[in-house]
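Quick setup: one chain, the form predicted on its own, written in C-alpha cells, and binding and motion questions come after.
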C-alpha cells in the first residue's frame, strides 16, 4: 500500500487537468461499478447534503481527489430525478486555503432549501499553524450556476467543553415550529461519544448552544458519535448515529458501526427517550455514515443512502488509486421495534435482460457482472453460493438454517480477502423464517435484502475472473435473475 506524506494528502486542487492522467488509469480498473455512485478519481466516503430541491434529488459526497487516502476533502455533487439514474455535476464545496475556516477540508454535513435557494451546512476542518484541529460549523448558498457562495464567517465555532471532535451538522426543521436545530456528533473530554445541539430562530444566523442530548442508558456507547440524525418515521422518532471505538457482539474486531435507536424526542428537555435497544443498521461488512434525505415531506418513511465502506479500512481498489462507493438508496419504514429497509420500487427500471437460468455440469449458473437476483423461498434450509468458480467452489455463502431461524453471510472463501480482523461472517436471526431474498450485485459490491426489508447485508466484494458463477444448494427456492443497466455515466467532470 502506498505511503502518503501530509503534503501529498492535503494538496489543493488548482486545475482539473491535474487529474486527467489519474482518471485515465482509474477507469481501466476492473472493479469500476455499473449502477452505484463512485468517485471520478481518488476516494469517496460520507454522503452529504442529501435533499429534495427544485424537482431533483441532490446528493454530495466526501471526495479526496488524489487517491485512496483520507486527505483534503471536497464535496462532489450528483443529481437525480428518480434516485436511480444519477448525473455528475462536478466538485462543489472546496476547502479555502487562504481564509482558513475549512483550510484542511470541507467535512460532512447536510442541506436544506430556504426559499428558492439551497443551503449547505458543513464542518469546516481547520488546522492552525501548530496543526491543532478546530471544527467550525459553516454554511454556503448554492447558486443557480451550481457554484456555492460561502458565508464569510461560520455559524459557530468549536465548543470548548468537548474535544476537537465536533462534526457532521444535521439541520433539522420542525413542522410548525419557530426554532431550528443543528445536531453535531461530539466527544467528551473523557472520550465518550455524545450529540450536542444548537438552536436558532433563523436558519442563517443567531445560532446558540442549546445543550447536550440526553439518551438514558446509552451514556457509554462508544468514544465518538459521528453522522447523527433524528428522523420522524411512522409516528416514531429514530436516532441514527455511528458510534466509534467500541466492539459489538458478532462484528469481529471492528470498532466503527452504524446504528439507530427508536424512541421519542423531547426537544424541550433535549432528551431522546428510547423504546428499546441500539440496533445495527446494516448487518453486512461495509456500511457507514448513513444519511437520510431532507425535505421529502412524507412522515411515514425516510430515504437513506450510506457509504459502502468503513473508516480506516483498506480495499483491493486502493492499488488502482481509487476507493469507495455509495449504497443504493433505501426506503425506511418502521415495523414493530425495527427499521425496515427496502430497495426502491424504481430500481426495477434498471432491469435489462431476464436471464435464462441454465446450470453447467457442476450445477452452477453464469453470473453477470451487474445483476439483480430474486429468490422466493419455501420453508426449509437454503444455501446460495455467489462468486464461485466454474466448479462451484469458493465464493460468498448465504446460508439459512431453518431450525435456528438464522441467516449467515460469509465471504471468507473469496480469493481476494481484506479487512479480515473485522470478521468475515455476519449472522441475523429471522423470527419469521426466510421467505424472500433480493440481491443486487455490481462489479465490486453486493447488497442483500432479506424478507422485503427485514434485514440488509451490504458488502464490498472483489471477485476474480474465475469467480463468476452462482450455485443454489436448495430444492425450495424459485429464482429469477436480471442483468442491470448502467445508472451513472463514467465521464471526466470536475
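Since this is a predicted model, take the numbers as computed values, not measurements. Positions refer to the first chain, counted from 1.
One more form of this protein should be noted, the form predicted together with a small molecule, which is absent from this view; the next part is about it.
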- Note on the structure: Checked 400, 136, 107, 283 for heavy atoms within 4.5 Å of the small molecule in the model of the complex; positive is 107
- Go through 231, 372, 385, 226 and name the one with a heavy atom inside 4.5 Å of the small molecule in the model of the complex. 226
- Query: So in the model of the complex, does any heavy atom of residue 207 sit within 4.5 Å of the small molecule?
  - Reply: no
- Message: Within 4.5 Å, heavy atoms only: does residue 181 come near the small molecule in the model of the complex?
- Response: no
- Query: Within a 4.5 Å heavy atom cut-off, is residue 168 in contact with the small molecule in the model of the complex?
  - Reply: yes
- Query: Is there a heavy atom of residue 444 no more than 4.5 Å from a heavy atom of the small molecule in the model of the complex?
  - Reply: no
- the small molecule in the model of the complex: contacting segment from 436 to 444, 22 to 30, 464 to 472, 39 to 47, heavy atom within 4.5 Å: 39 to 47
